[in-house]
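Okay, here we've got a single chain as structure tokens, the form predicted on its own, with questions on binding and movement later.
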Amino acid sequence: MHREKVPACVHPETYKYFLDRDAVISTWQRLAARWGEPRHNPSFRTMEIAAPRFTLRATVLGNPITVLRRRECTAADVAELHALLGYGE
């Protein structure tokens, strides 16, 4: 897994997390268990979880996940997200 910064986003700390192919389903299951099932938008073929500190968005394939941080987001929130995603810097 790796991540890339999204330079053309409103929030400067927006990243895309590229999951290993075999981890996509289990990762979304962990995210849903923590913050609720994703909402699906069939018109745009996307899914999204609106968590209190993040918006997690992906195409219906689930990979990569774009993470938009909200203003209230703390370093502890990011650490929890990274643990759920299985991401280590």
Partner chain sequence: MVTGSDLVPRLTMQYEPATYRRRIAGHDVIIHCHHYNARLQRTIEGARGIDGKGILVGAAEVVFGDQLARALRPGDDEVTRWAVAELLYRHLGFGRIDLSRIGEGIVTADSSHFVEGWLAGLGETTDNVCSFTEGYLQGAVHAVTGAAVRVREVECMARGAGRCRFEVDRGERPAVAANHKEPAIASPREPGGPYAKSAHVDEQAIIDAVVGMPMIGDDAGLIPAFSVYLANMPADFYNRICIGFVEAMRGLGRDKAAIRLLVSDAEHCGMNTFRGIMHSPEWDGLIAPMVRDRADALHAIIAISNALGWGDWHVTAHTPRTLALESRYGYEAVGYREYRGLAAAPQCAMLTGVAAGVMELVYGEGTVEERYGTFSAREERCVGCGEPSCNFAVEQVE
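Just so it is clear, the model here is predicted, and its values are computed rather than measured. Residue numbers count along the first chain shown, from 1.
Keep in mind that the form predicted together with the partner chain is missing from the display, and what follows is about it.
- Although the partner chain is omitted here, in the model of the complex none of Arg30, Thr74 and Ala83 has a heavy atom within 4.5 Å of it.
- In the model of the complex, at least one heavy atom of Val6 sits within 4.5 Å of the partner chain.
- The partner chain is not drawn, but in the model of the complex it has a heavy atom within 4.5 Å of Arg45.
- In the model of the complex, no heavy atom of Ala23 sits within 4.5 Å of the partner chain.
- Heavy atoms of Val78 never reach within 4.5 Å of the partner chain in the model of the complex, leaving it off the interface.
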